[in-house]
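Shown here is one chain on its own, the form predicted alone, set out as structure tokens.
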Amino acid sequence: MGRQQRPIVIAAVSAVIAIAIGIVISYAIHWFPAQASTQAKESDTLYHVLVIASIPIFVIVVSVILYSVWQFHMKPGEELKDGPPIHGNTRLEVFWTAIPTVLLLGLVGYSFVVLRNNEKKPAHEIQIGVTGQQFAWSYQYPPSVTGGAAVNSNQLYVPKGTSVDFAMRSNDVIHAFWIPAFRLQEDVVPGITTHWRTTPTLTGDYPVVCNLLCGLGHSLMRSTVHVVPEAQFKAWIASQLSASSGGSTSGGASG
């Protein structure tokens, strides 16, 4: 191996090792909470694909910069010396334009597929209303869900395995309805109704967060989504209907 080739080989080997270490670390770190919806799984896979694509690009760019600093830095006495004249390499320019273009289009296409799958409406779906206001969430269960009168509640219950379309409204300012375990978020905007859908897959209690600064009480604007089996969901709805017909405050039952 020639003396001139040795620095290039060292830089290339170091870059390959750094890429491998970066990818391993990206999988070793648990970035997200539990996957509690079908959308969460696809979103997490998309994230890892983007990370795997980004790490080599980052390492290659940094490696070229460090190699250039190492091999072509200015030496003492060369402060006023111009570098040698060079001419552009057309093949290289085509290469470093075409490769990023193909990579970017591929990632955009895959992201579109994931978004389309996440938003696809299934054959069976229920709709639950979400109302944001400073500084609380409330939820509306229409007759199509309750089988009787509409139910207004400060509790969010959803059945496991059933697609839920959240119809979201705001009474005052812009909020953001975010359930980290579902990996989905949507702005809640005054004057319009926004939507997102999810299919819960894991029973449990998960935080609901407002993810936009909406005022002094923003940090307190939190709630909980209870993912329960279908039978338990129906029992909870029945208890809310019973409480409403009995003159109790809707949403008081905790399930």
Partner chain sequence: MAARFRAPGFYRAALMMLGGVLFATALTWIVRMATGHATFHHYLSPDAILTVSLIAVPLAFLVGIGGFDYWFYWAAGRATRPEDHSSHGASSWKDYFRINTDHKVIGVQYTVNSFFFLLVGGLIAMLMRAQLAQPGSHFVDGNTFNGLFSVHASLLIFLFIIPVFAGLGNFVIPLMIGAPDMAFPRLNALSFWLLPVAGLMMLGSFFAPGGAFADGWTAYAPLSVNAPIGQTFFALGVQFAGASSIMTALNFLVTIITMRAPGMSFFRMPLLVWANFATSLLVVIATPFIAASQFFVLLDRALGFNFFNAAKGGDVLMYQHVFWFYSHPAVYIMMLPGFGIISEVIAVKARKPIFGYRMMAFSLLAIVGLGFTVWAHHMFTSGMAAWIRIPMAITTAVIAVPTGIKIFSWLATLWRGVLHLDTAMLFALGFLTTFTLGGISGVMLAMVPFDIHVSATYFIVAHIHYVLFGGSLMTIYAGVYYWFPKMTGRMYDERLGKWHFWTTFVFFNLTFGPMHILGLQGMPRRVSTYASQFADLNLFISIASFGLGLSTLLFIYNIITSWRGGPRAVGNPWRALTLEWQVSSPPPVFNFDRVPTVVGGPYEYGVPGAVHGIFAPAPSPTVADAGAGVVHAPSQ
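What you are looking at is a predicted structure, and each value in this text was computed from that prediction instead of being measured. Residue numbers count along the first chain shown, from 1.
From this point on, the text means the form predicted in complex with the partner chain, which you will not see here.
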property: Heavy atom within 4.5 Å of the partner chain in the model of the complex - residue from Thr146, Gln134, Asn152, Thr162; result: Gln134
property: Residue contact check: Lys121 to the partner chain in the model of the complex, 4.5 Å heavy atom; result: no
property: Non-hydrogen atom contact Gln140 with the partner chain in the model of the complex at 4.5 angstroms; result: no
property: Residue contact check: Ala167 to the partner chain in the model of the complex, 4.5 Å heavy atom; result: no
property: Val225: touches the partner chain in the model of the complex, heavy atom cutoff 4.5 angstroms; result: no
property: Contacts with the partner chain in the model of the complex, stretch 85 to 117 (heavy atom within 4.5 Å); result: Pro85, Ile86, His87, Gly88, Asn89, Leu92, Glu93, Trp96, Thr97, Pro100, Thr101, Leu104, Leu105, Leu107, Val108, Ser111, Phe112, Val114, Leu115
